[in-house]
Structure formats: structure tokens, C-alpha cells
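In C-alpha cells, the next block holds one chain alone, the form predicted on its own.
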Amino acid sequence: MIITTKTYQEINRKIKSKDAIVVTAEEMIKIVEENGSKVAAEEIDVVTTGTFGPMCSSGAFLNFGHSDPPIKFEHLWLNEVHAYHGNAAVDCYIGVTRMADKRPFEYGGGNVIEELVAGKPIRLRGISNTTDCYPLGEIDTYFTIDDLNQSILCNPRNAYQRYVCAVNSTDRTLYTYMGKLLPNFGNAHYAGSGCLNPLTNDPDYETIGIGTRIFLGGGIGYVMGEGTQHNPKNRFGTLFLKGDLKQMRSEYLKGVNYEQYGTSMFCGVGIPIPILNEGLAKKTAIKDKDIITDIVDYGTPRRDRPTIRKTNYEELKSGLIEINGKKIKCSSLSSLYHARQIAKELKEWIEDGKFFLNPPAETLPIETDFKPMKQVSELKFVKDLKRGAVICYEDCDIDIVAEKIVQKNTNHIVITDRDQYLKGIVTSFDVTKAVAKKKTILKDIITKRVITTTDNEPADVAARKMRKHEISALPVIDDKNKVVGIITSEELM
């Protein structure tokens, strides 16, 4: 079979003369369905893609120019967000996940970049270890993006090829980078634009590589190489991107703040895929139902979280997924509307002869091994430190509870029913107060809203729970809410 072939030069000549046939990835699906991949390869010159969602590994290099007298920053803050100073004297890097010192969880580096691109004034406060050539010790001023010499968006890991779908099996709300996950599979979150996603349309990196010109944040950007945690073997490829912030628009760079998790930034990325052969025509016609990913339980705070089952982007985009026969509301952290706008805008740039394609100087690796962090010390889990819980039933008298506290030399009594299902907890202080107030019924002193842990929770996570809630013990429960032990501050110490 003869495969139709085009070159970048031929496509760019057609773009220059405004004769190029350009479609979005969603439009390409219908074209291939109706006409086949061979005809599509002959007729279509470029397929445009787009994604718009949280891209935490993003940031910007800024150069302020020299002050008079000069200063060499040791520390500096932009709108009270600590920026990295370890470059030249008046260069910095601000990351989108860095939170403001005085407003954590409410404002961060992503918000600074959005406001900078929008033309708003940014407060610069810096301090220095003075030297003979940099005698100024402190500065406090304001600037806008037009005052900067360079403002370079530099994103080490963007445009994930796909994402998992996150759920929560525990009985408490989890606050994660995948958003707020409600207890007992109360909701599900995913990210990415599915069939519009850039790397989904060129999964073997035939056209995406070092130097590829792209849509980035509303302006023109470039691929610098593979992103950090690039994992193409498992279809989790990523890209390292850069572009000039002065060309970009705040419409496509949005600071975002996740409740009780932190800050990030939504970033718009669109990549044109030149249809050089029939194989690329087939790949750019991929459907949402063919993009497979996992539903993962974030209730287990470990790297190898358990997979509930497989799903696909067609099911995810429907707004409902099914787990154990139960329909669960599913929503995206990404904006499909903005992804479509990006693909459409990039299409218009190319059709108008304003955007040309360039072959990569080097293609990206497709055999990269993805490795977890090397840890030289053993991580302790709750199951390694827990002990047997002293249990009383919910219909016990207070004097029986008090007797067990003395006999077992403990400060915590876990209250269950006869089948060991957790009902509450009582401390020695609760019993002391009950005696003082002449209370005799156990249910009057039980704490029913109990903070718990599980066997596979890291010990330091359990310790943070105790500090956050100002308590000194956590009942250990299994996945059915049965008590299997207790861990106290004594064990953690």
C-alpha cells in the first residue's frame, strides 16, 4: 500500500499562500470516519489540538534590570510570594505552586503570573547580603510586565498525555491536587481534554520534539524537550515548554487556588500536528472512547494507589462513572471549552498565514524509564506502630469504662458495637468530667465524630492529623469501618 506523504516545506508553502486545509482534532474524527485515513491524509494538511487545565510544574523567569545603587537579591517576594533568587543578581524564578507567606491557600505564584500578564502592577520586595559591587541592602517597589527586560514562561512539566480519574473510598473528605474528593466515593475528578489533547494525537512523537512551535498561553511558545516525569511507555508523556509572557494573555493563564491544598495555574497549550502520512491521519482521529485510563483511590496515601477499574474519556466526559454498581458524579478539572477555543484559535492562525510549522531539531524519547524516588530510610506505616485498642461497647456503663482505663493503663477507650464497627471514642479526661458532673450514661460523653487512620497510612500523615485536630490518638479501622487497633502520640514519639 502506498502511503501519501507530505513535507513541512510543502505544508508551509500552502500556509503562506493561505491554501492549507486545517481542522481541529475533533473535526478530524468525523473526516476519517466518513472518508478513511488515506483520503484524510491526502486532503488535510494540519490538525490542531488544545488543552487547558492545572499545570503545577510551571513558572516564569523574570529580569528586573539593575537598581541604583545595584542590589543582588538574597530573598525576594512578588506580591508576598517568595520567588527563587539563586540566579544572577536581579533575575528570579517564580513557581506557580509557591504560596503567599501571609495568604497560604488563597494566593500564590500562579496568581502573580496571571496578574503580571494582565498588566497589573506587582509589588517587588527584596533583601540582600550587601557587597562592594552590590551595596543596596533592601528594595520595595512596583513594576508591570512592560518594565521587565525579559519575562519568560518556563514550564518543566506540562500537557500530560492523559490523567487518572481520582476517587476517595475513605469516610473523610480529601483535599488533593485532583481537587476536593468527597468521602465514600462521593464524587470523581479527572483532567485533560481527551481527543483534543496534544500528546494523544501524536503519541509516538513523530512531529513533536525540541523546537516545535506551539500555542502557549495565548502566544507563541516552543517545546524545549521532554517534561519531567516523562513516561511515554505508560502513555503519560509530558513536555518542557517555554514562551514570552509579553505575547500571552491572561485568558489562557489563570491562577487557581485549591481548598486546603495549595495554588497552581491553568495554562493553555495547543500543538499543530502536520499530516505527513496516513499513520498520522489515523492517530489524529483518535476518539475519547479509545483513550483508556484508571480510576484510582486517593484514599490510600501511597505512590502505588489501588486502581478501582479502567475507564475512558468518553465515560469521564459523560459526567457519570460507575463504581460497584453506583453511579458517581464525575467532573473535569480542565476546561473543555477553553481547549476547543485553543484548537480553534490555532487553526485560524495557520489559515491566516500567521503561524508556520517547523520540524523538531530532535524528536522526544519514547523508551524513557520512569523511576520512583530512591529512599534510603524505611518509611513507617501505621500498621508498623499500632497496638491493640481497648474497647467498650456503646451500651456500657461509665464505671466499666473507668475500670478499663485503670486496668489497662490507657487514656483512650474505643467504643464499638458488638461487631467491632466504630461508634466513638472516650478519653480518661472525658470520664473525669463525667464523674465531676455526675453523669452515668456513656452516650452523653462519647465523641462520635472520630478522626481515624488505616494500616497503610504513613505514620507521619497520622501524626499530622493529630497535630491538626489537637488530639492524641487515632483508632485504626479497615475498609469496612471495623476497629483493628489504635495509634497514639506515644507510639509516634
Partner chain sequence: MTIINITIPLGLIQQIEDYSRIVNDILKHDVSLNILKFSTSSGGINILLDLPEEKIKEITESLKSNDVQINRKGRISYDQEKCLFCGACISLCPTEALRYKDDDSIEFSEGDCIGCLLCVDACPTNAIMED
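Numbering follows the first chain given and starts at 1. From a predicted model like this one, the values you see are computed outputs, not experimental measurements.
This protein has a second form, the form predicted together with its partner chain, left out of what is shown; the following refers to that one.
Contact annotation: its partner chain lies within 4.5 Å of heavy atoms from the stretch 183-191 in the predicted complex, the single such stretch among 409-417, 201-209, 183-191, 233-241.
At least one heavy atom of residue 259 is located within 4.5 Å of its partner chain in the predicted complex.
Among heavy atoms of residue 404, none comes within 4.5 Å of its partner chain in the predicted complex. Contact annotation: residue 298 falls outside 4.5 Å of its partner chain in the predicted complex, judged by heavy atom distances. Interface residue remark: residue 266 is counted as part of the site for its partner chain in the predicted complex, having a heavy atom within 4.5 Å. When its partner chain is considered in the predicted complex, only one residue from 76, 330, 389, 286 comes within 4.5 Å through any heavy atom, namely 330.
The single contact residue among 120, 123, 302, 340, judged by any heavy atom lying within 4.5 Å of its partner chain in the predicted complex, is 340. The three residues 173, 335 and 448 all sit with a heavy atom within 4.5 Å of its partner chain in the predicted complex. Contacts between stretch 410-437 and its partner chain, counted in the predicted complex as any heavy atom lying within 4.5 Å, involve 433, 437, listed in sequence order.
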